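Next up is one chain by itself, shown in C-alpha cells, the form predicted alone.
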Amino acid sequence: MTVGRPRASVAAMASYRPGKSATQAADEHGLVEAMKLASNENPYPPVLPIVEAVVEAAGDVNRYGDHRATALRAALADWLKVDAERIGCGCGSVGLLQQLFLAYIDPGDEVVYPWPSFEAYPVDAAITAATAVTVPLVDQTFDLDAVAEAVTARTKLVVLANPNNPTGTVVHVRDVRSLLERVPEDVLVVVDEAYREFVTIDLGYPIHDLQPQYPNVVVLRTFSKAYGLAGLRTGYAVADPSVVGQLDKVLIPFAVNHLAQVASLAAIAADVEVREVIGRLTTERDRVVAALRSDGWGLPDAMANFVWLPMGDRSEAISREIEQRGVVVRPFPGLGIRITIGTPAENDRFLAVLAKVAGARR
C-alpha cells in the first residue's frame, strides 16, 4: 500500500540503482568475503594531505559549512583559469545535474541524451516529468549527428557523458562543436566530465575550446572519482554566470558540507600527488584491457576508470556467476558488464574469475 499521494511521475519511476556492496554479495552467496568492482570508486584512499586536512577540520562539524562554498569556487576558478562567477558547486556532479533539471525543465520539456549512458539521466527526467529522448549508441559511442537531429523546439537540455558511463568511450571537442552548430542557442548542452581525469588522449578542452563561443555549454566535473572523495560528494559546474545563478537557486542548503569543501580545497593543492594515483589507475586500466583482448574479448577503448564488456543477453547470467565467485561487477541487462578498475591484485582476481566463468560457458 502506498501512503499519501506521490506525484504520478515519481510513483511510476524506478529508483537509482547503486552498485551492490561486497558485504551484500558475500551474505547473499554464502561467501567468506567478496570484493566490489561495481561503482567506479577509486580503490585508493585520498592522498595524505587531503586526509590530514579533513582530520584537522573534523572538530568543526558542529557548524554549517559555507552554503556557497565561496573559497572553493575561488580556488576552482584560479585552478581552471576562469572567472569565479562561472563556477557552481553541488553535491557531486550528479547533484548539479539534478539542479540543472530542476532549474530548467518544466513537465513535458524534452531532454536529449545518448543511451545507454549514466543511469541518473532518466531518473532526473522522471523527477521533473520531462520527456526523455534517447539516441542509441553506434559502436558503443555517441552518434552526435543523430543527437542533433533529435533536438526539437521542445528540447531544453542535451546531456553528454564524456567519457560515457558505462561504455568508457569518448568524443572529441571538435565533434561536440559540430553538434553545437546545429543546436539552438537556448538549449543547454551539458558535457558531463565525471571521468575526465582518466582520459589519456587529446580530446580538447570544452571549458576553453567551446564555452567562449557557446555560452550554452555547461561542463560538470567531480572530486568523487579521480580524487578519491566519493564519500564526501563535491562536484562543480563551469558555466555562464546566468546559468550558475539558476543552479544556485535550487541548491539544497549546505549541500556541499564543510568537510567536503575542506577536502576539495586540499585536493586542488595536492593535484600533483593525486595525478600519480591517477597514473597508476590508467596504467592498470590499459593492462586489464590488453589482458581481456588477449583472452579474446571484444571491447571498446577505455578512457575512464572502468572497462566495458558488451555481452548482450549474456550480461546478467555472466555477472551473476562472477559475483557468486566473490567479484561484484555492474551488469546492464541485455547490454554488457561494467568493471571498475581496482588494485592490481583485485584486477588479477577479476580476470581469473572471468576466465573460469567464460571457460565453463564455452
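Don't overthink the numbering: it's just position in the shown sequence, from 1. All values reported here derive from a predicted model rather than from experimental measurement.
Although it is not shown, the form predicted together with a small molecule is what the next lines describe.
Participant: Picking from 114 to 122, 287 to 295, 254 to 262, 77 to 85, which part of the chain touches the small molecule in the predicted bound form when contact means heavy atoms within 4.5 Å?
Facilitator: Comparing against the small molecule in the predicted bound form, the contact stretch is 114 to 122.
Participant: If the cut-off is 4.5 angstroms on heavy atoms, which of these, 210, 267, 137, 94, is the one near the small molecule in the predicted bound form?
Facilitator: That would be 94.
Participant: Which listed residue (155, 216, 165, 99) meets the criterion of a heavy atom within 4.5 Å of the small molecule in the predicted bound form?
Facilitator: The residue in contact is 165.
Participant: Considering only heavy atoms, tell me if residue 224 and the small molecule come within 4.5 Å of each other in the predicted bound form.
Facilitator: Output for residue 224 is yes: heavy atoms within 4.5 Å of the small molecule.
Participant: Indicate whether the small molecule has at least one heavy atom within 4.5 Å of a heavy atom of residue 233 in the predicted bound form.
Facilitator: Close contact exists here: in the predicted bound form, residue 233 approaches the small molecule to within 4.5 Å, heavy atoms only.
Participant: Taking the small molecule as it sits in the predicted bound form, is residue 104 in contact with it (heavy atom to heavy atom, 4.5 Å or less)?
Facilitator: Answer no; every heavy atom of residue 104 is more than 4.5 Å from the small molecule in the predicted bound form.
Participant: Even though the small molecule is not shown here, does residue 195 get within 4.5 Å of it in the predicted bound form, heavy atoms only?
Facilitator: Output for residue 195 is yes: heavy atoms within 4.5 Å of the small molecule.
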